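First, one chain by itself: the form predicted on its own, in structure tokens.
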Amino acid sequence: MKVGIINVTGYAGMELVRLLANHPEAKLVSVTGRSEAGKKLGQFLPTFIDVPLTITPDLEGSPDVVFSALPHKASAEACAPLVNKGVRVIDISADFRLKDPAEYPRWYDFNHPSPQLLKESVYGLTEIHRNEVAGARLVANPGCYPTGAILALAPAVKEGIISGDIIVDSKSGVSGAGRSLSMSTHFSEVNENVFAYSIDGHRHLPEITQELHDVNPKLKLNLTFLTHLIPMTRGIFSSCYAPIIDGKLPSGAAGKKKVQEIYRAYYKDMPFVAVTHVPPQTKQTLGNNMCLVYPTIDERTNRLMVFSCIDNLVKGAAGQAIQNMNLMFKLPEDMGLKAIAVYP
């Protein structure tokens, strides 16, 4: 299939090129980036010296599928005409993730230009919406934080073993902020430093709430979501906590074993989620499309604790997008995505 990328010069766009270069069924035919238009990909970034494409202002080559790696609002404006022309689109921005158009002015400071497409778009967390993704024209790729948080909590939410009073504490590497310069991502500000941000409400909160509600509409959610920036390039580590409903699990070691069984059964046939025997680490997902999940119980407080790790640029962005593309074109879900993490 012929593939196009809008905005190849951002981190997600560059990661798409890296992963698609080894995809046996995808031919990259067009990459755009207005600030670098006219340059060969290898001139823009020597990593891509062997990719024979020139960056252009607009898409060329009649692609069958287009990945949009533009910022929010700009992405919706670029994607809508493509969808209307019959091109299949995977949007890596937030522009088609939320089903309620009224949420966009609140969380993203713009009125959605194509609210009619929100009804059609499919939230592209494959592990939750596999069947819908396979038939979609427009896929809204999940946010990086929601990917780790939802995958950490979905089995417990589905099984109804926890109350909705959930805390998600997430920590991200700096690449999650993108390439745009800001004081908060300046080396001198980030190095040897950790800090919380968006403490009055991160814009990924409604996305997590929406999807967990879909997993179990009966669960009344009261979700606290807090994000931190940590001094590393890639990776998201999420620690999730929720009270276990009395009587839903046996006590002691038997309860811990049961939780592991619930999670392993839920993710049994899903190639990119692994339920681990020990708490995972971000470096164990570096450069690959895995989400590592470790569920356990704090016996003292009878509280579920789940830890998840992803690479925010792969499972949290470009890798998840290719996973969705594979399903949309009836290819093996793991095609082009079998890399083992770089460790140490």
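Note that residue numbering follows the sequence shown and begins at 1. Not measured: the values here are computed from a predicted model.
Unshown form predicted in complex with a further copy of the same chain; subsequent notes refer to it.
Residues of just one listed stretch (182-190, 148-156, 111-119, 67-75) have heavy atoms within 4.5 Å of a further copy of the same chain in the model of the complex: 182-190. Only one of the listed residues (I167, A265, A102, A254) places a non-hydrogen atom within 4.5 angstroms of a further copy of the same chain in the model of the complex, and that residue is I167. A single residue from the set S239, N216, Q210, Q260 has any heavy atom within 4.5 angstroms of a further copy of the same chain in the model of the complex; that residue is S239. In the model of the complex, a further copy of the same chain sits within 4.5 Å of a heavy atom belonging to D298.
Not displayed here, a further copy of the same chain is approached by V194 to within 4.5 Å at the level of heavy atoms in the model of the complex.
In the model of the complex, a further copy of the same chain sits beyond 4.5 Å of every heavy atom of P81. In the model of the complex, at least one heavy atom of T233 sits within 4.5 Å of a heavy atom of a further copy of the same chain.
In the model of the complex, just one residue of 83-114 lies within 4.5 Å of a further copy of the same chain by at least one heavy atom: W107.
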